[in-house]
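Only one chain is given next, in structure tokens, and it is the form predicted on its own.
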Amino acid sequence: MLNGSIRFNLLLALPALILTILLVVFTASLSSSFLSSANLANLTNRVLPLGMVALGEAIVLMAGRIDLSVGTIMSLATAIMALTVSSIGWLAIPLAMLAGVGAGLFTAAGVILLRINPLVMSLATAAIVKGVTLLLLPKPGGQVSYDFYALLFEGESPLGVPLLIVILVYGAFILLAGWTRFGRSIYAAGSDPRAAFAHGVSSARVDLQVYALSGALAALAGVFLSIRILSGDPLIGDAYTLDAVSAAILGGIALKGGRGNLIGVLLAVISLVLINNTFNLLQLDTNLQAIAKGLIFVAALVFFMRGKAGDAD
């Protein structure tokens, strides 16, 4: 039997679920290509990188923090992959993830030791990481072995490796967030830091954990992205920062922390990928995608802020 808190967090996923269903019905009714195996495979391929970076962002937000460096960490990971795969092979993947963890810990150190606002500190990290990335790879280039692409993305079946990775990673983190002491610590730190501290939850430890996880998942997203484009790009991750935050908010994660469910985040990721796919299939002006996503982001903020105000009443 689900307790009230878990039921409430699951209800927060409803807006993302409704939006996903509406987008599927709308696009499928207007484009005969939407339900083709090739297009569905393309959707799962695109869900993979956004899903990873949004997952890390959601975990940080649940703890009452924010991480605006995730996009630049993705770009750094693509650069590391493109520059090192030919010499060290698959070891480039943990190297990229280690760089992501390092960036996350740097943000956490500024928040914990220097008492810098998380938003400001993560922006500083983003600027530093972007500078490092541009030094390593000033323009798109390098090469990622096609063997990696063949392993992950080759074929036109939507039931391939990318979908399996998304299911396994999200399944593991849903269990971690909902049923472990670590997950309870994140919710507690985001909901009421003082009360959490009184019950033995160290906010500093939580900050270190969530920022390290966010950095690792953003780097993993960059790894997948570099494999899909078979190269590196020092700026390719920039657009993912807003998408990651949008997916977390639309999925029901509270900006101030302590509330949300990762199922909703995954549904929100799918809906954002569907928006891009809808515009492409219907040959609409792609510049309108940003407007549509921005409006959805604002609508989600208004919806959940009013819902929280209603709960308080």
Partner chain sequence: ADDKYSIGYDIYFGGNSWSVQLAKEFEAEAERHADEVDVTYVESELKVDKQVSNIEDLVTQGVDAIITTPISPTALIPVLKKAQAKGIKVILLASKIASDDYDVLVTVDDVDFGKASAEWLADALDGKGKIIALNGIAGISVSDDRWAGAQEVFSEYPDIEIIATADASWDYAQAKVAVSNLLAANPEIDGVWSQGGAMTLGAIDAFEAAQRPLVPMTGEDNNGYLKRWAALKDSGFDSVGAAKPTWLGSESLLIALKLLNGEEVEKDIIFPVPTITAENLDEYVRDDLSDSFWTNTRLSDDQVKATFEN
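Numbering follows the first chain given and starts at 1. These figures come from a predicted structure and were not determined experimentally.
If you look for the form predicted in complex with the partner chain, you will not find it shown, but the lines that follow are about it.
Thr84, Met97 and Asp147 all contacting the partner chain in the model of the complex, non-hydrogen atom within 4.5 Å: Not one of the three qualifies.
Tell me which of 224 to 232, 158 to 166, 207 to 215, 87 to 95 has residues with heavy atoms within 4.5 angstroms of the partner chain in the model of the complex? Every other range fails; the passing one is 224 to 232.
Residue-level question: is Gln289 within 4.5 Å of the partner chain in the model of the complex, judged on heavy atoms? Answer yes; at least one heavy atom of Gln289 falls within 4.5 Å of the partner chain in the model of the complex.
Wondering, does Leu281 line up within 4.5 Å of the partner chain in the model of the complex on heavy atoms? Leu281: contacts the partner chain in the model of the complex.
Does the partner chain come within 4.5 Å of any heavy atom of Thr27 in the model of the complex? Judged by the heavy-atom cut-off of 4.5 Å, Thr27 is well away from the partner chain in the model of the complex.
Is Ile236 a contact residue for the partner chain in the model of the complex, using a 4.5 Å heavy atom cut-off? Contact with the partner chain, yes.
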